[in-house]
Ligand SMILES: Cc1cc2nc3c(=O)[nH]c(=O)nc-3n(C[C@H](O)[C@H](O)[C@H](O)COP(=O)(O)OP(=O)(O)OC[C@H]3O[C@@H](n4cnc5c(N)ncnc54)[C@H](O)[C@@H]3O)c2cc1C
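This document starts with one chain, in the form predicted on its own, laid out as structure tokens.
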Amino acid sequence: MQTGYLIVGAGPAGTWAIKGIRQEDQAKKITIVGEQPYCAYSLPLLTKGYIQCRFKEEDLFLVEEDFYRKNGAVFLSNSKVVEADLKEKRVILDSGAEIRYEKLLIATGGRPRRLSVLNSDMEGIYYLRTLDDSKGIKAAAKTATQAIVIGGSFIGVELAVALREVGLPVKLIMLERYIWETLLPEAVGKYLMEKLIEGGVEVFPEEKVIGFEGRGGKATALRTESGKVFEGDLFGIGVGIKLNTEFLKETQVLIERGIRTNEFLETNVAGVFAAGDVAEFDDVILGEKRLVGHIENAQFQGYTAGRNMAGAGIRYSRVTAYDSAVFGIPLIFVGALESGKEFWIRGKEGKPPQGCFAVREGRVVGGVLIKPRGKEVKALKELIENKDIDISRFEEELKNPDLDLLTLVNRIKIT
């Protein structure tokens, strides 16, 4: 097969790349390769409603079934690229088929990182990354009597909430001292962990899983390094992802934490681009290399990469956000919380925090908003984009939850 544009990965990044290509080039052939049988869908909605039966399967999809055909794209589902020859501009699929291309986008995302512990291959142990994964968890939850979730980051916390919302007793086992420890200051993380506990999730911090126990090949308990044993019949694991880059190991593409790209999302190999979870890109707003694993970033990176594959030459310059929730308490994570050197907590002493700002060298680089109001998300994005103001003199005002954030940011911008 010969194609003008080849997209490897049919998730949000790959699918939005088609939109970007078609904005610049309405004629040249596009081929998109996806490992799953589905068109692009929302991974976050799996834990935010699908497992709880608030959403039907058809509610998850981000595009109509005929999106690819309408945009002149050939969609090869249930297909995986197993080998790439970037010098010859060709890839080999697991079926043995060969595709030759002119421009290539890698948007392969990642897969769940597996626990390497005793008996981790037993039945009853679930990882969540795909729609089919969530179908398995959803079915298991109907007959389960005790759920155990491992991992204190987004997938672990959101899965624990989802399983509790369907009525299961849930225990959350995690290495962290409090949820989202890598992103949040202790006061905010512990407050949200308290809300998780109030919602009925039993939380066990600083526990390292060393193995599973069971009968007849099915897991019935897990054991931690401290000697504790936790019995259950549904075990959900969310301990990070591993990027899908194996097919590039014999190529010239530079891979560090992720596939390295410049601000145009092009790799060190001319004509080869990367977008979404798999791309470690030059963030022109923050002036650092970043690897971002959420859907909004994937969509906008895919769109930008698609335009650049077709010759647009535009930099990816965007502050993106991810929403989550703890039993009805909405949360918005904005920018690069992990890049902050200190945190300013927004709230009053003795009152629940309303969020925090991650600060580095006199500027805000990220933040989380708890129960965001009005245009606070827009305001925080604008604050992060502002490179020219030393934010230090506005510390007390930013910490004050009574001040309207958008009004304050607009004043800061003209100072």
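Predicted, not measured: the structure shown is a model, and the values here were computed from it. So that there is no doubt, residue numbering starts at 1 and follows the sequence shown.
What follows is about the form predicted in complex with the named molecule, which we do not show.
Check: Going by a heavy atom distance of 4.5 Å, is Ile21 a contact of the named molecule in the predicted bound form?
Finding: No, Ile21 is distant from the partner.
Check: Any chance Arg164 has a heavy atom within 4.5 Å of the named molecule in the predicted bound form?
Finding: No, no contact at 4.5 Å.
Check: Do Lys80 and the named molecule share at least one heavy atom pair within 4.5 Å in the predicted bound form?
Finding: Yes, Lys80 lies within 4.5 Å of the named molecule in the predicted bound form.
Next item on the list: Flag Asp85 as yes or no: does it have a non-hydrogen atom within 4.5 angstroms of any non-hydrogen atom of the named molecule in the predicted bound form?
Entry: It does not: once the named molecule is placed as it appears in the predicted bound form, Asp85 has no heavy atom within 4.5 Å of it.
Next item on the list: Have a look at Arg346, Arg363, Lys48, Lys381 for me and say which one sits with a heavy atom within 4.5 Å of the named molecule in the predicted bound form.
Entry: Going through each option in turn, the one that passes is Lys48.
Checklist line | Stretch in contact, per heavy atom within 4.5 angstroms of the named molecule in the predicted bound form, of 249 to 257, 291 to 299, 227 to 235, 172 to 180 | finding: Contact criterion met by 291 to 299 only.
Next item on the list: Would you mind checking 15 to 42 for residues with a heavy atom within 4.5 Å of the named molecule in the predicted bound form?
Entry: Contacting residues: Val33, Gly34, Glu35, Gln36.
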